[in-house]
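Let's start with one chain on its own, the form predicted alone, as structure tokens.
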Amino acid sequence: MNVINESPRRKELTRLAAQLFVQEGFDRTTVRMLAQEMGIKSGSLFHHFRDKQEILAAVIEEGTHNALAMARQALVECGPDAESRLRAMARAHLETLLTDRNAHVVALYEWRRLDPEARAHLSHLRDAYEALWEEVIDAALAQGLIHGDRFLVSRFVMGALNWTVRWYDPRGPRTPDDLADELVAMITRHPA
């Protein structure tokens, strides 16, 4: 299974599907609704995708690829110290919410709707993204910048960042840099 396709039309259709999945939910979104949103006939949809499952997988795959690329680039561009790398990862994660919010939300809330084949295919991307976080958190733990169990720290950090899709307003007074700075400050502060 390989659902990534570089066709500009398919990318546009995937973007529109992500928007509809966020608005309606995967289960309530029909093929007819997708075709109408995309401005094509229902039958034409199957020229681009095998079925609704493949559309869901394409949305999640494209969004996860983008998040992984942004995180890797952020790590290349930041300083080598653990705090800079932690901040860069938080900033990159938040940036995915601005550039690819719908795909991010679909990946978070509709992952369980993937069929086993698609889930198996996409797990390597999710695992690669989580491995970047674990590497950064391991370095911060090793340097004494943060304390705790790596599994729990990574889950708490990812959970906090992921939850911003529910409350963060990019038009508001706080930038993603502000949020990343605050997150790092919160997890690196320790009572005297």
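Quick note: we count residues from 1 along the sequence shown, nothing fancier. All of these numbers come straight from a predicted model, not from anything done at the bench. C-alpha atoms forming the largest set that superposes within 1.5 Å between two forms make up the rigid core.
Absent from the display: the form predicted together with the DNA. The rest refers to it.
Contact with the DNA in the model of the complex, defined as any heavy atom within 4.5 Å, is confined among 158 to 166, 30 to 38, 57 to 65, 135 to 143 to 30 to 38. For the candidate spot formed by H147, D149 and R189, no residue has a non-hydrogen atom within 4.5 angstroms of the DNA in the model of the complex. In the model of the complex, at least one heavy atom of S44 sits within 4.5 Å of the DNA. Among residues of the shown chain, H48 is one whose heavy atoms approach the DNA to within 4.5 Å in the model of the complex.
None of the heavy atoms of R174 is located within 4.5 Å of the DNA in the model of the complex. At least one heavy atom of K52 is located within 4.5 Å of the DNA in the model of the complex. Annotation for D27: C-alpha shift of 2 angstroms or more between this form and the one not shown, rigid core superposed.
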